[in-house]
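Consider the single chain below, provided in structure tokens and representing the form predicted alone.
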């Protein structure tokens, strides 16, 4: 995408017109949830919250992959790092997320071989270079990253890289939206749906959720014009009392998404249940390795003996991810929990709501 093309989606005059239209047409009090953490950061970075009418409240949803990773899975990553002759590979944000005892960064400081990677393929490369070690990739993410992880498993299988495995904590977006709508206390008047995920899933993936709950929903991109346009579309849907599932990101998202990416994803994984931080178990919201690829399952490869543990006392990450609280309503925010001393993942992740409030709020 060229700079000139991109500038159209940052045009101040267009943004001014959209903001004026939102103010003119918005009469109802609305609670709109940006599902994706990248949207949360873009909204703060461009000051969008401050230019919307007081009738509109933007909530951060369960779209940050690190933030929704269950405490038990974080503990599993730490436990794997304690195994002898193991190299744990992970994306950077996961390094500082506290488990019930320590973090991957803490384990690295204590001598464990924990390495930050920028791609799952880097983990496969490390496995090739260290045949005497077991190399485990901490697999967190949504539909955006799952196809890439699947491709890495296929590569390892083809090349017989038998010392590579993944600890899977991947998740699917639509089941989480459906779960939110049936959670007591949750009140959402519209979803700003994630652009990145939708490139893979397409618009069709949300139809079942929309048809069931009739919540106004708009897929959009990450530039200010994209987001303001989506807000205006949600305002119009609510004011007209005609909910719809719309695509405001047609330059990237097709109705059917990316069938080839989903084909790769489903070649390696099958749908299963998944535990979400603060939300709990959501049926059919996770992806498990198929039997043909169980050799790459780190959870089966290591005897971890994990037990369920409570999330940090006082941490409101779960309620924040469901739109029940804002970060400033958390008793720990800016007191005990800061970017330097994070208690929960929402303060750690670069896409976390608490980090966004702390840095831009």
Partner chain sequence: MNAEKNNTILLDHGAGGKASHALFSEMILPLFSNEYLAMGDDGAVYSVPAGKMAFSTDSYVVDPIFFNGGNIGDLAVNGTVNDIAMCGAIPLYISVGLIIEEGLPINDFQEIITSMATAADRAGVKIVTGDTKVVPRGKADKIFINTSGVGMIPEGVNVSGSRALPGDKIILSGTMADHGIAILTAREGLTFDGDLKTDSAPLNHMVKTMLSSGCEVHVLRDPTRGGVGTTLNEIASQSGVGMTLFEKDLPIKKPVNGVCELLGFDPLYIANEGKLLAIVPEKQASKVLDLIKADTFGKNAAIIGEVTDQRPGKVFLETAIGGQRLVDMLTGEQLPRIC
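Positions refer to the first chain, counted from 1. Bear in mind the structure is a predicted one, so any value in this text is a computation, not a measurement.
Keep in mind that the form predicted together with its partner chain is missing from the display, and what follows is about it.
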Just one of 238, 247, 144, 125 has a heavy atom within 4.5 angstroms of its partner chain in the predicted bound form, so which one? 144
Candidate from 75, 93, 189, 288 lying within 4.5 Å of its partner chain in the predicted bound form - any heavy atom: 93
Taking its partner chain in the predicted bound form, would 120, 154 and 178 all count as contacting it (heavy atom within 4.5 Å)? no
Hey, of 27-35, 311-319, 294-302, 48-56, which bit sits against its partner chain in the predicted bound form at 4.5 Å between non-hydrogen atoms? 48-56
Can you tell me if residue 218 lies within 4.5 angstroms of its partner chain in the predicted bound form, counting non-hydrogen atoms only? no
How about residue 150: is it within 4.5 Å of its partner chain in the predicted bound form, going by heavy atoms? no
Can residue 10 be called a contact residue for its partner chain in the predicted bound form at 4.5 Å between heavy atoms? yes
Would residue 228 count as a contact of its partner chain in the predicted bound form, using a 4.5 angstroms cut-off between non-hydrogen atoms? yes
Interface residues of 106-143 toward its partner chain, as seen in the predicted bound form [heavy atoms, 4.5 Å]: 116, 118, 140
